[in-house]
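Heads up, the chain below is alone and in the form predicted on its own; it's given as C-alpha cells.
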C-alpha cells in the first residue's frame, strides 16, 4: 500500500472535445471529492493554459446535481486548449510556472484529459516534477474521437462518434433514394491520419445497404480509381453513397482536400475541410450526375443525444480509474482499456507509461481494409459493434437536453 499523499488535485481538459469527455472529468472529480486525502479539487480553465494563468475553478463549490449532469453533457465543461509546451531542456519557463501554481495550491495530483498531444504534455510535466523533486502524482485520462491513442483497445469518445456517423449515414442513405433522379453523395468524416471514424460508416450497412465505399488515410488515394468505383456503382444502382476521411492523401503524401492550407492548430497540424464538396464536384464533372457533399464537421464529436451508453460508462470508468491509481501510488501513466469480445464484450482498465503513448498514432490495421482499398472487412465490424451499444439516459426538459451549467467559482 502506497504512503498516503495529502494535497489538492487539478483536472484539465485538452484538445478537441467529445460527447463524453465530461463523463471522464466527472469520473475524476467525483472520485477525488470522495477521497479523504485529496484536500481540494480544482478544474483548470482552458486546460494547461488555466494552470499557467492561475485560472482555476473550485469544483468543491459546484452543486452535486449539476456535476451529475456532466455524464451526459457534451464538449469540454472546463474549457480546452491546443497548447504545445516546449522541451523543458530548451525552455523550462512554463514548467517553472506550473510548479509555482502547484506549490501555491498544494497540488499533489494532476489529471489531464486528452489525446496524443495532451499525453505528451502530461508526460513532460510528469518528468519535470520528478526532475525537480516535487512529489505530484500525474495521470493521463484518454479522450479522442479519432481513436488513435497507442496502447488502448479504444478511446472514450470514439464509440459515440462512430454511432453518430453510422446512424446519420443510415438516415442520409434513405433520403438519397426519395426521388427517381439518381445521386452520388460524398460524406466527409474527421480523421487526419487514422481512419477509425470513417470506417464506422460500415456499421450503417448492418440494416441494409447504405454506404457503398469507404476511403481511409491508411491507404493512398487514387482519384482515377475513385471515379471508376463510383461510376460503376452509380450505373448499377442509380445511387452511390461514399464515406471519406478528411485526411485521405495521394501517394506523394499531399492531401486531397483543397482546404489543406487553411491553417494549422496549436500543434502545427493541418486544418482540413472541404473535401466532400471537392469530390462531389469532381464526380459531377466526370460522371455528369447529381451530387451532394456533406461534411459532418463538429456534429460528430458533440452529438450527445446519440451517445453510446457503453461509451458514457467507460469514459467515467477511465476518470475514476485514474484517481484510484494515483491514490494507490501510481504516477506517470495513462489509463487504457483492454477488452475481450469472444463470448461477450468485456472492458477493463490498465495503466501504460505516458512515454509510450505520447505522440504515437494507432491506425486501422491494414488487414481490416479490403484489397481494393475502398471498404473495411468484418474484423473491423466485430471490433466496433460493441462500442456503439446502449443509449444515453440524459435528462430532458421540454423535450430538450438538460445539460450541466457549472457555477465556475474561481480559486
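Numbering follows the first chain given and starts at 1. Just so we're clear, the structure is a prediction, and the values are computed from it rather than from any experiment.
Heads up, the form predicted together with a further copy of the same chain isn't pictured, but that's what we're talking about next.
- Not one of 30, 43 and 121 places a heavy atom within 4.5 Å of a further copy of the same chain in the predicted complex.
- Only one of 221 to 229, 336 to 344, 99 to 107, 286 to 294 lies within 4.5 Å of a further copy of the same chain in the predicted complex by heavy atoms, and it is 286 to 294.
- Residue 235 falls outside the set of residues with a heavy atom inside 4.5 Å of a further copy of the same chain in the predicted complex.
- Taking the partner from elsewhere, residue 404 is found to have a heavy atom lying within 4.5 Å of a further copy of the same chain in the predicted complex.
- For residue 176, a non-hydrogen atom is located within 4.5 Å of a further copy of the same chain in the predicted complex, even though that partner is not displayed.
- Residue contact check for residue 86: none of its heavy atoms lie within 4.5 Å of a further copy of the same chain in the predicted complex.
- This chain is displayed alone, yet in the predicted complex one of 207, 328, 135, 91 has a heavy atom within 4.5 Å of a further copy of the same chain; that residue is 207.
- Though a further copy of the same chain is absent from this view, in the predicted complex it lies within 4.5 Å of a heavy atom of just one residue from 116, 126, 80, 152, which is 80.
- The partner is not shown here, but in the predicted complex the stretch 157 to 176 reaches within 4.5 angstroms of a further copy of the same chain through a heavy atom at 163, 164, 166, 167, 168, 170, 171, 172, 174, 175, 176.
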